[in-house]
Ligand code: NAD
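A single chain, nothing else alongside it, follows as structure tokens in the form predicted on its own.
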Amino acid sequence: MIKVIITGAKGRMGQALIACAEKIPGLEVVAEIDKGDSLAALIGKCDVVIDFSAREATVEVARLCAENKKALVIGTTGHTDTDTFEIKQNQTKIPIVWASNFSTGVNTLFWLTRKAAEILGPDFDLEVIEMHHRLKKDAPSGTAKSLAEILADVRKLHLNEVARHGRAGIVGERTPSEIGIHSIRGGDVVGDHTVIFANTGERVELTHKASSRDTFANGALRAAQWLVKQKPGLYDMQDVLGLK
């Protein structure tokens, strides 16, 4: 039996994780942690922590997991460079799956985006569009950033130098190297992502639309099951799904 602690248990993703875990044989949620609860007091009960709390909490969650030799699945987004550095320091002590999106479909989209960028070449303009519910706090989404990073990597560019977040006013013609990233917020949209490859006379669009958080929850739980068997290191869903 794999024993799991969920942090951010009262949130939308936390509730989805709890509900989905009940349907998976061999998996038991031994504690549900949220703001005000002590992870340190309960962490000894588990094999793996799944963190969907908040960006500000993840550094401490990672530190506690490393100290107690517990595997960690990270689903929070919007981290600062300092947060990212501190979290990654723990990969020498414990196995960590850190993914911007745990959906099998989205990770297929990541794979297809890379292949399309390689096949279509440098003549196509690149744009990423994402839409989420009105309550999402960070923008662009972690998934949109991952898609843009894949595009930049294929073209051997630094994303922070070529990213264009929206356009307004007289911005001039689109440069060949820029990667547009656009965020839309409204309603209760779980998560829509589209990658556009546009050239003169033709356009290719790759789209994934999520209608249920169970998609992400089941992916994170699958990652937890996989992770407890791994050596210390930093992994993502491409590793979990065998897409690398």
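Keep in mind that what you see is a predicted model, and the values were worked out from it rather than measured. Each residue number is its position in the shown sequence, starting from 1.
Keep in mind the form predicted together with the ligand is missing from the figure; the text below concerns it.
- In short, of 129-137, 111-119, 80-88, 160-168 it is 129-137 that has heavy atoms within 4.5 Å of the ligand in the model of the complex.
- By the 4.5 Å heavy atom rule, the three marked residues 13, 52 and 99 all count as contacting the ligand in the model of the complex.
- Interface membership of residue 57, defined by any non-hydrogen atom within 4.5 Å of the ligand in the model of the complex, is confirmed.
- A residue is said to contact a partner when one of its heavy atoms sits within 4.5 Å of a partner heavy atom; residue 203 fails this definition for the ligand in the model of the complex, lying far away.
- Although the partner is absent here, residue 214 lies well away from the ligand in the model of the complex, with no heavy atom inside 4.5 Å.
- Not displayed here, the ligand is kept clear of residue 67 by more than 4.5 Å at the level of heavy atoms in the model of the complex.
- Scanning 192, 178, 28, 34 against the ligand in the model of the complex with a 4.5 Å heavy atom cut-off leaves one residue, 34.
- Along 58-76, residues 75, 76 each place a heavy atom within 4.5 Å of the ligand in the model of the complex.
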